[in-house]
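We've got the same protein chain twice here, in two forms, each standing alone as structure tokens: structure 1 and structure 2.
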Structure 1
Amino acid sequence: MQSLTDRSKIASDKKMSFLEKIYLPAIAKGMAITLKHFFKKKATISYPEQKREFSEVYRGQHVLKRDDIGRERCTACGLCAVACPAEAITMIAAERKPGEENLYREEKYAAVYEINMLRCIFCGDCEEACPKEAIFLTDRIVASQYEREPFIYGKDILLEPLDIEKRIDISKRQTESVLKFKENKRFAHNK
């Protein structure tokens, strides 16, 4: 049979030689290996102080985007919830009242928008499904909690701040080619 790697060894029932029987050479060899690892560079990263380098399109905690003048982009169409394989997204839609034009971009908006971060598998399908460029995944990490309740992120956490300075930058993931690709939804999921 052809072996899968060049490191495989044929098992055999042959009797051990004297040197093998007294174990000592093998033990010394093993100890040399562990000692070598003792002085090796460690693989651990001290997490909160040091962080691993993230990919530019890392899929972490979501953000609900606002447009240039600070209006919420989401129109509560529910496409993200439909696309979500983990069924992590729920929302309650509401109609925009006259005078709220500076708050919501479309006539319908999400009064409640929740993502259950324990269900979410960070696949990014919601981002892909959204026709309004309203939801994006970011390179922020979802913090750990002691209870289950706080993992259900509402609009208070998901929505990005109004302040232009504090907006979440997603230009890395929304490049020209991505926009072009998104133009034709035929290419996306449901293929």
Structure 2
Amino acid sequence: MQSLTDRSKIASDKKMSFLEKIYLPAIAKGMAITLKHFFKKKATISYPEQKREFSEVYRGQHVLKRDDIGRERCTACGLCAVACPAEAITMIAAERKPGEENLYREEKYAAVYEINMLRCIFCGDCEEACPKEAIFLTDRIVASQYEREPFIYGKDILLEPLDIEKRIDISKRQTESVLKFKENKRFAHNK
């Protein structure tokens, strides 16, 4: 039978020479490789003092965005929860009451919005599914903990602050075509 690949090798019963039996050349080659790496630049950094730069499209901690006026963008449509392959997002919708027009953008809003960060795989499907551009993944690292409970992030952690100077810039996460689309104010989505 003929083999399908050329990767198979025929084993030989060749006798080892004296140098091969005492392994000195193999040890010398291994030490040479070790010495060569000993003088190379180290790949590690001192983390608290030095920080590596992340890619512009790095997916880290989630943020629930506000519009220009400061109202919550999320309308609790549930598309992010449906798109999440890890089923990490849960929400409870509520109706906006009279007088809350400055808090919520639409008649419906998310009264409870939670992300289980232990389940999240940071795929970005939630931000792609959101029709209101309410949820984004930022360049922030999710802090580590020893308990499980702090990893369930609610609106108190996810919602960005009202102060415009403290808001998170997500323009690097958007492609040129999306930014060009957002410039056109005749679409209802951009109002």
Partner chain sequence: MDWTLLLYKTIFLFIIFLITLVVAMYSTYGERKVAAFMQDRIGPNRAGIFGLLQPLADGVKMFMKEEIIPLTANKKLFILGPSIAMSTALLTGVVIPWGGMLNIGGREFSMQITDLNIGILYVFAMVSIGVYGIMIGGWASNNKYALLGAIRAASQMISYELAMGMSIVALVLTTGTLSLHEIVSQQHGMHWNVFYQPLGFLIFMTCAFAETNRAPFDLPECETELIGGYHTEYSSMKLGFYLFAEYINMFISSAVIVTLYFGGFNMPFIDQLGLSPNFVTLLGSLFFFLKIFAFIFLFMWIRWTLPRFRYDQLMNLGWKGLLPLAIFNIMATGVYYYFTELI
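The term rigid core refers to the maximal set of C-alpha atoms that superpose within 1.5 Å between the two forms. Residue indices: 1-based, along structure 1. Worth saying up front: this structure is predicted, and the values here are computed from it rather than measured.
**Student:** Working through the pair one at a time, identify the form predicted on its own and give its number.
**Tutor:** Number 2 is right.
**Student:** Determine whether the C-alpha of Glu49 shifts by 2 Å or more between structures 1 and 2 once the rigid core is superposed.
**Tutor:** Yes, the C-alpha position differs by at least 2 Å between structures 1 and 2.
**Student:** Could you tell me the distance the CA of Ala11 travels between structures 1 and 2 after a rigid core superposition, in angstrom?
**Tutor:** Rounded to one decimal, the shift is 6.0 Å.
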